[in-house]
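The form predicted alone is given below as one chain in structure tokens.
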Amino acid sequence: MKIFRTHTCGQLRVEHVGQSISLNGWVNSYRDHGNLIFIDLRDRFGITQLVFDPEDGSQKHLMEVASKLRSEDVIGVTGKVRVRIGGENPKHATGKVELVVTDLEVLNKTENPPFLPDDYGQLPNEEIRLKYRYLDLRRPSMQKILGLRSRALQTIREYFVGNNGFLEIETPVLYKSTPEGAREFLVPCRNVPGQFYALPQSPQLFKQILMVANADRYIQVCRCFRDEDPRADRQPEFTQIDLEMSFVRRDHIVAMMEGFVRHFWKTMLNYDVPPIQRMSYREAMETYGIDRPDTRYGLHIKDISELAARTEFGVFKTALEKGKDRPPFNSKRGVVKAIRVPGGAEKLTRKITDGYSEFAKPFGVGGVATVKYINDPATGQAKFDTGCAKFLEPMKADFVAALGLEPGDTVLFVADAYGVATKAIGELRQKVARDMGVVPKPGAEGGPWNFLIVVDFPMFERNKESGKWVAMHHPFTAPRDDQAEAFINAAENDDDTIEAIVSAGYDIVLNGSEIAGGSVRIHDGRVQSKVFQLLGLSPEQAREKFSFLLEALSYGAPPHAGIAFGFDRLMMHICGTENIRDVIAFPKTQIGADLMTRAPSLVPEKQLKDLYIASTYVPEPPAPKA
């Protein structure tokens, strides 16, 4: 290589006219006008138009070499900057000038690429893009995302380390297996046969121990690993903004996080985030049926159990018999919930509403009852029509008042035990919003960003598969201060009391997406032992898995709290994409595969033998040749 760049392809301006400069980059496009050849040269910083013009001093042999260049060839050029002939190109920052080439070096010729890395033509399917990810990342839109991601990391460190005195500390990636949450990735240890490390699901225990060690304010942008099936907003390995603070209450750390959100959105998008609303978990579940509600649209849920009990509708009565002696909001107590859909009588056809029952069944309910509230042409008065109308019509005035109905509305009902019904109608609300087209796009009227801080989560919930208590956040979350006595005195078999205990946990939600979760931590070893007890861990099991934490808590652990932001999810919002794979340089597919490197892959038997492990997988025999 003899030509090294003096400038980037996005740098040249009118003030550079007359200067001799050198550029390196990729051929973005090629245009042969007979006696003139034009090439757009691209690098990460932009595009500059090159001109091969024999009459303007270029050597004639350059025309022959240039005529053989094609898109994605890598070249170096030297030339003189002049004002662009033929008019400015406003699409590029360099659009007022061009470079008349006087020397050309072909650094690398390309094979015919499977697709061209531009944002103008139709993209190939995602499988091809991920297989040739290095080509996909050359696209200007992907280069912009990589740049935004880098800028975001600097903004994070500026706020926490530069402005608020946090220490950036690395924690281990080879960790102890503590499989209480998601499935872990295990790493065999060659030096201790039969034993394994685990890749961390989060640095949770290390950051708590750092508080015991007087780090006071810790932050880390860390890689985390969970052996779960990837989704549109989830990957098996992901980046987390992880932090912890000592000597704080919940309000202190929530204020710190709100400050970060405002700083981040202002720096990245010049958007002023208004004061963020606080909402209790119970209010979120009652109004939206989900603990990460999208508040950009209405379709609020109403509990009409008391009213429904006065009807003769068997579906309602059967549901309300469930757990009727249980306290309010208990997961086993029967309820009837409803959603008023303004304008649904016209937009939601019978076929659509019939489909809602099938949609809701996987969430545990028997179906969805539907009724329309419409004007009766015969009488000129509004009435209930279709579905369960005959059971509601005798109490029409009460239902209209309770739900705020207007002619043209549709009402959807779900009746079952509280936990099942709330989950089902919360999911149904989101589907109805999509069907009605009321989910706003970013930038739409009403604002593109609806932030919400959800607090007062239950401390425990029942695992559907095992039937055991599990921590709603994680086992290191403290009870809310006013719940401490009830927690300590709770008997293992007192389900109603345990379910009602409120934790000091909190989440930050944006447009229906959880972008951060955290809690005040347990700093008293006795409280931590009680949590392990309620989760079904014997003292021996607790010591085996968490002795280092219990010991650390016994040596003067300060009150502390923390939170973790999903960095990749933050970037999804900043970049305006609904797929997390768009904001990660080298993501995995839906089955956790890296199509570019073909990982995961088989390894030689000798390597397994060195690690004292064996695989039970038997490859399928090859298909017989035709």
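Note that residue numbering follows the sequence shown and begins at 1. Please read all numbers here as calculations on a predicted model, not as lab measurements.
Beyond what is shown, the protein has a form predicted together with the RNA; the following relates to that form.
Heavy atom within 4.5 Å of the RNA in the model of the complex - residue from Tyr555, Phe247, Tyr120, Phe548: Answer to the contact question: Tyr120.
- Message: Within 4.5 Å, heavy atoms only, which of Lys468, Arg231, Arg310, Lys176 is in contact with the RNA in the model of the complex?
- Response: Result of the distance check: Arg231.
Using the partner position in the model of the complex, report whether Arg581 sits within 4.5 Å of the RNA, counting heavy atoms only. Yes, Arg581 sits close enough to the RNA in the model of the complex that at least one of its heavy atoms falls within 4.5 Å.
Taking the RNA as it sits in the model of the complex, is His33 near enough to touch it, meaning that at least one heavy atom pair lies within 4.5 angstroms? Taking the distances in the model of the complex, the answer for His33 is yes, it comes within 4.5 Å of the RNA.
- Query: Counting only non-hydrogen atoms and a 4.5 angstroms cut-off, does Phe586 reach the RNA in the model of the complex?
  - Reply: Outside the cut-off, so no.
> Quick one: is Glu126 in contact with the RNA in the model of the complex, heavy atoms, 4.5 Å cut-off?
Replying inline: Because a heavy atom of Glu126 falls inside 4.5 Å of the RNA in the model of the complex, the answer is yes.
| task | Just one of 392-400, 473-481, 350-358, 150-158 has residues with a heavy atom within 4.5 Å of the RNA in the model of the complex, so point it out. | result | That would be stretch 473-481.
Heavy atom within 4.5 Å of the RNA in the model of the complex: which residues of 84-108 qualify? Read in sequence order, the residues that approach the RNA (within 4.5 Å, in the model of the complex) are Arg84, Ile85, Gly86, Gly87, Glu88, Asn89, Lys91, Glu98.
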